[in-house]
Ligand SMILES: Cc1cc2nc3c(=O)[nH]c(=O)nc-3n(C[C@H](O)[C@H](O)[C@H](O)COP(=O)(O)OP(=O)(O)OC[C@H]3O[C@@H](n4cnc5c(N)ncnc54)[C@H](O)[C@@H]3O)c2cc1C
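Before any questions on how it binds or moves, here is one chain, the form predicted alone, in structure tokens.
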Amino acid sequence: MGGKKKITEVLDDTCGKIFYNEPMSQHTSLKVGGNADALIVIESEDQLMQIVGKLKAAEINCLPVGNLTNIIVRDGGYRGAILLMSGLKEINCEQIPDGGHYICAQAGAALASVVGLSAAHELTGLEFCAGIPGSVGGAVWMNAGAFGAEIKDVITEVALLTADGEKIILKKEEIVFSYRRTVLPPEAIILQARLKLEKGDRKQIQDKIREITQTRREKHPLAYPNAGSVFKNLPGEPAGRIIEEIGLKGKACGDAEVSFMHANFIVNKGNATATDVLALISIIADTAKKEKGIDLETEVIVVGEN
């Protein structure tokens, strides 16, 4: 028996751009996290299928990610390969004979680019995504939403790479959407999404985008590294309000701090570690349970080794 192969023995020059033992603190929006065994920049669906096939055959973990804006990698790093989908960024606008207007976007495309394209084509329905720093794949995976709208409202179909290495397309009615979660087949990787939008008024669309972007600037602590909303809101009870009511605004662990501007944001004031951030998350959850009997559920995704 040869034993389990090392990741450097499985991947080669045909796999594209690979960074071994890569510090994830240089890539996550919160600027924390240990080293991943490998960070691979995905630039085509064929390349993705090849890499995933090799990794699975060698029983090596892989994790597809978008812009790493709502992920915390523990300080022990990630054992396996993180697949950075940023190279899958094609966006196309199409009109079909029945008058429908669609945008097809690959998983790595930035939401900002999709919002910009929709506005340029005078299409309405995606304005709520203005200012969200993530990718299309991440938005679909977590059913991203804001200002009373969610991605599920505009999705018509999603293309996936299944655990068996097969490319399939799921129609909207075949997908289960919930609050900040989209239920997809186990280990499936999102390849692209097709969004149905409506023709609108250019000025109204642009004004709405400006209004939402300005609201985000005024309410969110964008001056510091952060991972967006840390906890999911409860029905009728924003998590930020709960955290403020239990007196944890400004609470800090090391350089990780509950934002004074918005209590559902944890910011990195300089040299925070993932351990600092996770300790703060634990304090918030424990205090909310103890003082209010509320179970706060994290919206951020935590991966990696302690």
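Position 1 is the first residue in the sequence shown; the rest follow in order. Quantities reported herein were computed from a predicted structural model and do not represent experimental measurements.
Here the subject shifts to the form predicted in complex with this ligand, a form of this protein not shown in this document.
Undergrad: Could you confirm whether residue 107 comes within 4.5 Å of this ligand in the predicted bound form, counting heavy atoms only?
TA: Yes.
Undergrad: Is residue 33 near this ligand? Define near as a heavy atom within 4.5 Å, in the predicted bound form.
TA: Result no; residue 33 lies far from this ligand in the predicted bound form.
Undergrad: Even though this ligand is not shown here, does residue 47 get within 4.5 Å of it in the predicted bound form, heavy atoms only?
TA: No, residue 47 stays farther than 4.5 Å from this ligand in the predicted bound form.
Undergrad: Within a 4.5 Å heavy atom cut-off, is residue 64 in contact with this ligand in the predicted bound form?
TA: Close contact exists here: in the predicted bound form, residue 64 approaches this ligand to within 4.5 Å, heavy atoms only.
Undergrad: If you check 172, 101, 180, 89 against this ligand in the predicted bound form, which one has a heavy atom within 4.5 Å?
TA: The option sitting close enough to the partner is 180.
Undergrad: Out of 163-171, 197-205, 128-136, 232-240, where are the residues with a heavy atom within 4.5 Å of this ligand in the predicted bound form?
TA: Every other range fails; the passing one is 128-136.
Undergrad: For 155-189: residues with a non-hydrogen atom within 4.5 angstroms of this ligand in the predicted bound form?
TA: Contacting residues: 180, 188, 189.
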